[in-house]
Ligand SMILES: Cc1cc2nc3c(=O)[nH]c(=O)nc-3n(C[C@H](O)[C@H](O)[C@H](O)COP(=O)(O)OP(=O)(O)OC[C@H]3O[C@@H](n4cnc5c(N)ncnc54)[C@H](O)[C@@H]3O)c2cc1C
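One chain comes next, on its own, written as structure tokens: the form predicted alone.
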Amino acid sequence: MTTSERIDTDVVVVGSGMGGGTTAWALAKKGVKVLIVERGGRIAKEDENWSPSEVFIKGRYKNSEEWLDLNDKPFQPGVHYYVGGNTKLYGAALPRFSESDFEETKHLEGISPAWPFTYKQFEPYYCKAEELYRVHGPSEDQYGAKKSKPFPFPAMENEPYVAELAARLKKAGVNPHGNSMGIDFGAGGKCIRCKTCDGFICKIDSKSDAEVNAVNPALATGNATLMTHTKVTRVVLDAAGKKVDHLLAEKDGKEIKIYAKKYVLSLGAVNTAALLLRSGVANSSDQVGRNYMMHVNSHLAAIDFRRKNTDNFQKTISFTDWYLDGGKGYPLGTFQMIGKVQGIMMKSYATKVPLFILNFMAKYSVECLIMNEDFPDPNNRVTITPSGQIKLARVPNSMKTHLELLKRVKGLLHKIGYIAVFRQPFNIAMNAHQCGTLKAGNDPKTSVVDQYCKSHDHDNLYLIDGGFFPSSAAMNPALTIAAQAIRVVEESDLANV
């Protein structure tokens, strides 16, 4: 490796996804000079962005290295190293957590711990994140997530098949409501309501992702700079070990030393923990990498050959009747529609089924996600092998709840006319909604960061991604990550440089 290059800035943010991108935007808006360091580059706008075969079968945009599972079996995780991070391929579902998600809650199989701040303290930042990410949502409060302001945009209208499905669900005894979606839709908007949203790159930039809604606006202020194709490899402390002195990074075969007054790591719950473990920092509690959570999720495809599904954009409803209480004194989880699945996309999972059969089934199918909370467990964790590889050990700890939720939902779908319901459980490789590896708390002995994501061990180090979650709730985490990023910049000392 050639001679080191030195870069100086006020604040460096490593990672440009929901946590890093939003943090950089909030800092830049305050006039802080911020350097965004991204391991990958920008995704090209190309026809392949919307090709199910390229995306789901050929894995065109998968660019992560292999990790190891609990049994040392290698897998390629569902993380993406691009400007915008995982939000470039996410489904743009941006719901809030409920008020009870911030409190200690008893579940069938465990205790969901309280957060070091309340929903009431946090709620104003949900409003700000919803503005930034152009969230459409229903006018009514749902599942204990009370709003002080209405959503910036109204809920998206249902297309005919989903409208009829919502009516049937309501008749069967549940109460569908609009999804909270980050979409540039409506007067002057770019969204065309296509069937290539979930899991695809939006080549017309109408999906609210961190690149479009945060990084680019940050750069436009003139206060932010973006460095791509740069991998941070180590966090180096000063002689006293109380502060970060600099970061070591690699770019084009060169070593770079990045010096700043404040340092923000936002690589995602797994990669941030891995970088800290490799560096031997911020871990006096021995909690870095522990308590990994990712929800217990299943995709369901329901088939009714009497009804052809011609909708393109079907991800417009959910129901959360059992979110706070499934009827037996404990929460179950949520039902959420996902983007329309095409036959070739089914082939990525149902590999032995002929494509013509999958294409036929897709004409009559509707797809959804069921999701429930898992709990922090110190043995579900990120570690680093002697060779430097990431190992991710996880045993789901709320499967009884998930199976009960699955039974309820399948029974409901059969009741309203679906003759078959197929399930695709999430495995460790999908690792969607990763969180919990850098627990926030007030006690430095049992947590990694304080309520503002500042390391208990190092005065100028902040860890802002899903890693700070003390619990996982049973909702998509992206909006909560964004809201916390804005809160940290506005309430903590991060911007005081």
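It should be emphasised that the depicted structure is a prediction, and the values quoted were computed from it without experimental measurement. The first residue of the shown sequence is 1; numbering continues from there.
Omitted here: the form predicted in complex with the ligand. The next part is about that form.
Within 4.5 Å of the ligand in the predicted bound form, a heavy atom is found for not a single one of Asp101, Ile384 and Lys439. Under a 4.5 angstroms non-hydrogen atom cutoff, the ligand in the predicted bound form has Gly91 among its neighbouring residues. The ligand in the predicted bound form is approached by Leu267, whose closest heavy atom lies within 4.5 angstroms of it. Shown alone here, Asn476 lies within 4.5 Å of the ligand in the predicted bound form, counting heavy atoms only. When contacts are judged by a 4.5 Å heavy atom cut-off, Asn309 does not count as touching the ligand in the predicted bound form. Stretch 82-90 is the contacting one of 126-134, 150-158, 414-422, 82-90, since its residues have non-hydrogen atoms within 4.5 Å of the ligand in the predicted bound form. Checked against the ligand in the predicted bound form, the candidates Gly110, Pro138, Gly326, Gly78 yield a single residue with a heavy atom inside 4.5 Å, and that residue is Gly78. Along 293-315, a non-hydrogen atom within 4.5 Å of the ligand in the predicted bound form is carried only by Lys315.
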